[in-house]
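Listed next as structure tokens is one chain, alone, in the form predicted on its own.
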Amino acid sequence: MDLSPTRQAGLARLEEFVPRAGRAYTAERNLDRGPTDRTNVSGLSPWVRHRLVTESDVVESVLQQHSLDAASKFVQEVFWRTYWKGWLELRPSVWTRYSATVEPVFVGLSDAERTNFDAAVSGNTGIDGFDDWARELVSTGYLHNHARMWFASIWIFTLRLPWQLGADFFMRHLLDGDPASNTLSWRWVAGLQTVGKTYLATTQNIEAATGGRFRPHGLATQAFAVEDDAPMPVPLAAPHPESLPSGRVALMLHEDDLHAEAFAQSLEASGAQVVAVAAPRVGEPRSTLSPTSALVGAFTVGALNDGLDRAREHFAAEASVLEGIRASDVLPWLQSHDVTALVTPYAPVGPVRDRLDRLTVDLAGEGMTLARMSRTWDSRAWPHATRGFFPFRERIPALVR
């Protein structure tokens, strides 16, 4: 599979997969055949994570060849990502608390837990399958969805390690590492997301779904929900799309959304003239414990470059690479182009959003406005993420229409 971090490569992968997105995907999607055979899944998540290819691109392409009924399982998987983002958007304190606890939880490990942790992340626990997935994750930046669930379950209930450290390990190494999908999936396995409902990996399920490649022994036979002293937060109101400025504006991309050309019509309608475009040199740090993996870092840098190149060409504007998205990086660039405002794609809850929130305050102190451009896909779907996925799922046909 071509893993080039470009929109072109992502669209090529989408075109290749679309014929298999219907009944074939439904029948075979749960099988983990290993890293040499991923033909039963789309493999699109690294591109969708950075919106080099958007969720709308994917669903529209699939429904050109399949009915919604035939492709329902695959379309639901696309909407799971949207649901997780919307759920966290309405409850941002869950992300804030998770990100604040990773380092203290690591520091508080006992000697025995630290030994288990080191063995787990290096793939040296002796647990069949688990060790293979740890090494596969580090070497490829990817794991099948079910392998992620099995891994998380064994991490929490067999190795008795804190779920936050497993989520952090995934975020540092997954090419598609997404704050919402990753954090909330780990919470779900631990029994925190659907309170009291855990996911228990079993030898039989792993053996069946891996075609006998793995048959781990000694797994936990019970999965008691992880205790949490923080109550489930009440959902906030979904964010409203912001009004876009008029006049001379600068457009700054970030790793959460790298298909800025899609906003051109909205910017034109508001009377905005994009005179400069920019993107940071690298992505935001994903962890307070360790650096993001080299694989993830390289893919993110390539994605940022691709998004910037396309934006430069589309808007016929001067392109710049910024050291970061702090005010000290951004303000001199804005001042050099005599713009009235900065516009950027909306960043959902996560590291980029944290940085943009700080930038908004800092720029306001200098008399500069930051406007965030929302996608219709998000603004229509996120308000329905107030409860579990199954009520949200009922909305999918209307959202697709």
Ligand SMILES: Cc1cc2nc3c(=O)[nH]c(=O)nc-3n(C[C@H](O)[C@H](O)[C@H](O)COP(=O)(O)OP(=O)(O)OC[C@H]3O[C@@H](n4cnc5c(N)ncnc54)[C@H](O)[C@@H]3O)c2cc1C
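Not measured: the values here are computed from a predicted model. So that there is no doubt, residue numbering starts at 1 and follows the sequence shown.
Absent from the display: the form predicted in complex with the named molecule. The rest refers to it.
> In the predicted complex, does each residue in the set V48, N145 and W186 place a non-hydrogen atom within 4.5 angstroms of the named molecule?
All of them do, each having a heavy atom within 4.5 Å of the partner.
> Quick one: from T292, S181, Q193, T300, grab the residue that has a heavy atom within 4.5 Å of the named molecule in the predicted complex.
Of T292, S181, Q193, T300, the residue with a heavy atom within 4.5 Å of the named molecule in the predicted complex is S181.
> Identify, from the list L109, M149, A317, A262, the residue with a heavy atom within 4.5 Å of the named molecule in the predicted complex.
Looking at L109, M149, A317, A262 one by one, just M149 meets the 4.5 Å heavy-atom criterion.
> If contact means a heavy atom within 4.5 Å, which one of 308 to 316, 133 to 141, 205 to 213, 71 to 79 is the stretch that engages the named molecule in the predicted complex?
Result for this chain: 71 to 79.
> With the cut-off set at 4.5 Å between non-hydrogen atoms, does P35 touch the named molecule in the predicted complex?
Flag for P35 set to no.
> Would L174 sit within 4.5 Å of the named molecule in the predicted complex, counting heavy atoms only?
So L174 counts as contacting the named molecule.
> Classify V41 as contacting or not contacting the named molecule in the predicted complex by the rule of any non-hydrogen atom within 4.5 angstroms, answering yes or no.
Although the named molecule is absent here, V41 would touch it in the predicted complex, with heavy atoms inside 4.5 Å.
> Can you work out whether W87 and the named molecule are in contact in the predicted complex, taking contact to mean some heavy atom pair no more than 4.5 Å apart?
It does not: once the named molecule is placed as it appears in the predicted complex, W87 has no heavy atom within 4.5 Å of it.
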